[in-house]
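This document opens with one chain alone, in structure tokens, the form predicted alone.
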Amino acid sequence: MSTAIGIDLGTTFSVVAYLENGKARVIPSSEGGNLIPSVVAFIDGGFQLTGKLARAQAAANPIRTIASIKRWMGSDKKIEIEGKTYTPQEISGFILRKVKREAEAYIGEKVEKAVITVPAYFNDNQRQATMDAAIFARLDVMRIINEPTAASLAYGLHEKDLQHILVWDLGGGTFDVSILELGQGVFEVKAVNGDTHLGGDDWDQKIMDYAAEEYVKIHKIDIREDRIALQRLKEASERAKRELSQKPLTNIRIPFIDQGRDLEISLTREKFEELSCDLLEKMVTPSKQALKDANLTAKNIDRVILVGGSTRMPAVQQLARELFEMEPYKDINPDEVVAVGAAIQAGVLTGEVNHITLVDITPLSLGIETMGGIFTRIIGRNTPVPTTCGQIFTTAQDNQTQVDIYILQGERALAADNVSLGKFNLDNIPIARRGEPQIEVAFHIDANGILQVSAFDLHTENQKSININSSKRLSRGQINKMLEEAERYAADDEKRKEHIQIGICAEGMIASAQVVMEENLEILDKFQIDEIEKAILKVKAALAQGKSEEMKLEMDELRKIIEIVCSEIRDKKEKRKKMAHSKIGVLK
């Protein structure tokens, strides 16, 4: 059996892990670090970049760069790039292909099977969209599991005595609260809640809006209206957010953001927390609701686990302390803990790991629309899966020979207020008075959380069913077409090898140049800083154009500038040393 991997397909970053000698190991990216940016870009010549290279050139190529696609999984959204349309599943498929290649290169063998994690609050459409993306990447999904469940697996809490664990998972685009009862090898999810449109990206947006509005006050121009300026602002805001998790003050500086003018502001952690206090408030209600659904209080929780890079923010950690009256667990890298747990679950399914039983739940109620537009629940929220539930229904009118089965997901009383998952008809019902026919509607959810609905006429044994993988699910033809395109991209990979290597080198040079600036701000003058920034932007622009020769030229120019600047820095430091020495008095 080939190696099975665990994948955390994240909004901002993705991580992959596998079991090595019975222990989960995060697979490092060939581009450096363990995090693979969930970013896809299209460049001149029809080439495609995924991961770090795509992220590095985003500022110079914002229109053809796609990030945070996870927020649109399971939706109707289409992404158009130069006349060609892509679905969120397809873009996520590109990311999964990148993850798969990284795993195969590191392990040294073909990878075909994977456990992929999703937010606990992902609905059926979103889960199936994730499955479709995996098919595009030629991955056989052994299981879709919830991210908080994976995190608990990584901590090995199933090996302890029976306890209640609350997981706060705040990633780039989603917020999940999960309460699990676990111990002695058994996992049971008691309740889930959250917000599929709340994450680190929203905190970035707060900084972006603040910086942009400060710029408007001074120059009367909104830089957010310019795509390139907006992308540069987004990158700078994300850096500022990360810095404010480590120190109380950060400076945001973007040279030549508009008509040769610079954007330069200072931002304190206190001001940042003031700007984003409404986002923290959005985390409170789902947390309290999860406790209520699990019939628990904060005092019943034994441990609180923080998952996702956004939980590094001090204000988030402080909120956890206040709500649950305990110090949260954060011993494992929050960016990697979900992938580690997914790898362990892959080991369970392949037989490498024993004595673990995973009992998951459905995050929202499932049911059908009945007479008067009422939403009738068949499976209630927080029901353990896999499960099968059914109810007997009848006709609403005399001589009715057909019934329409509208499948819905949600918690509202009226069907119109819930999410439509699909519909089908059961016909050839014998003519009878209303109320006489007996039709059983059954819902079955498998271990991946995928729903099948069937309608069965008890009198005639006539039956119809539908797999509600997603009302937006791609057809087999569409998937096959994407697979054919994947083959074409694969053929181009070899040709792009040199181009990618040059791109990696360019990214490294950009990083080195930025380090030179950051470490010598007191020594460098404005002209030197501006000269380096201009050269960096030219390298990024060359990356976006995808022309190897132009990248080499711009890299050479940047290298020359850095060499000159470094030489001047050394001279200035030497002069300072001599001046300091000359002021030292001499004892007789």
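By rigid core we mean the largest C-alpha set that fits within 1.5 Å across both forms. Note that residue numbering begins at 1 and tracks the sequence as displayed. Note that the structure is a prediction, hence the values are computed from the model and not measured.
The same protein has a further form, the form predicted in complex with adenosine monophosphate (AMP), not shown here; the description that follows concerns it.
Inset, instruction - Name the residue from Glu369, Asp335, Glu102, Glu273 that puts a heavy atom within 4.5 Å of adenosine monophosphate (AMP) in the predicted bound form. - result: Of the candidates Glu369, Asp335, Glu102, Glu273, Asp335 is the one lying within 4.5 Å of adenosine monophosphate (AMP) in the predicted bound form.
Inset, instruction - Select from the listed residues Gly171, Gly503, Pro88, Pro119 the one whose heavy atoms reach within 4.5 Å of adenosine monophosphate (AMP) in the predicted bound form. - result: So the residue touching adenosine monophosphate (AMP) in the predicted bound form, by this definition, is Gly171.
Inset, instruction - Would you check, heavy atoms only and a 4.5 Å threshold, whether Ser465 touches adenosine monophosphate (AMP) in the predicted bound form? - result: It does not: once adenosine monophosphate (AMP) is placed as it appears in the predicted bound form, Ser465 has no heavy atom within 4.5 Å of it.
Inset, instruction - Find out whether any non-hydrogen atom of Glu238 is located within 4.5 angstroms of adenosine monophosphate (AMP) in the predicted bound form, and reply yes or no. - result: Output for Glu238 is yes: heavy atoms within 4.5 Å of adenosine monophosphate (AMP).
Legend entry - Partner contact for Pro286 in the predicted bound form: adenosine monophosphate (AMP), 4.5 angstroms, heavy atom: Result no; Pro286 lies far from adenosine monophosphate (AMP) in the predicted bound form.
Inset, instruction - May I ask you to state whether Gly74 is within 4.5 Å of adenosine monophosphate (AMP) in the predicted bound form, using heavy atom distances? - result: Close contact is absent here: in the predicted bound form, Gly74 is far from adenosine monophosphate (AMP), nothing within 4.5 Å, heavy atoms only.
Inset, instruction - Would you mind picking out the stretch of 120-128, 408-416, 210-218, 307-315 that comes within 4.5 angstroms of adenosine monophosphate (AMP) in the predicted bound form, counting non-hydrogen atoms? - result: Looking at the other structure, the answer is 307-315.
Legend entry - Heavy atom within 4.5 Å of adenosine monophosphate (AMP) in the predicted bound form - qualifying residues of 9-33: Those in contact are Thr12, Phe13.
Legend entry - Post core alignment: Phe272 C-alpha displaced by 2 Å or more between the shown form and the other one: Yes, Phe272 moves 2 Å or more.
Inset, instruction - Determine whether the C-alpha of Asp176 shifts by 2 Å or more between the shown form and the other one once the rigid core is superposed. - result: Moves: yes, 2 Å or greater.
Inset, instruction - Answer yes if the Cα of Pro314 shifts by 2 angstroms or more between the shown form and the other one on a rigid-core superposition, and no otherwise. - result: Moves: yes, 2 Å or greater.
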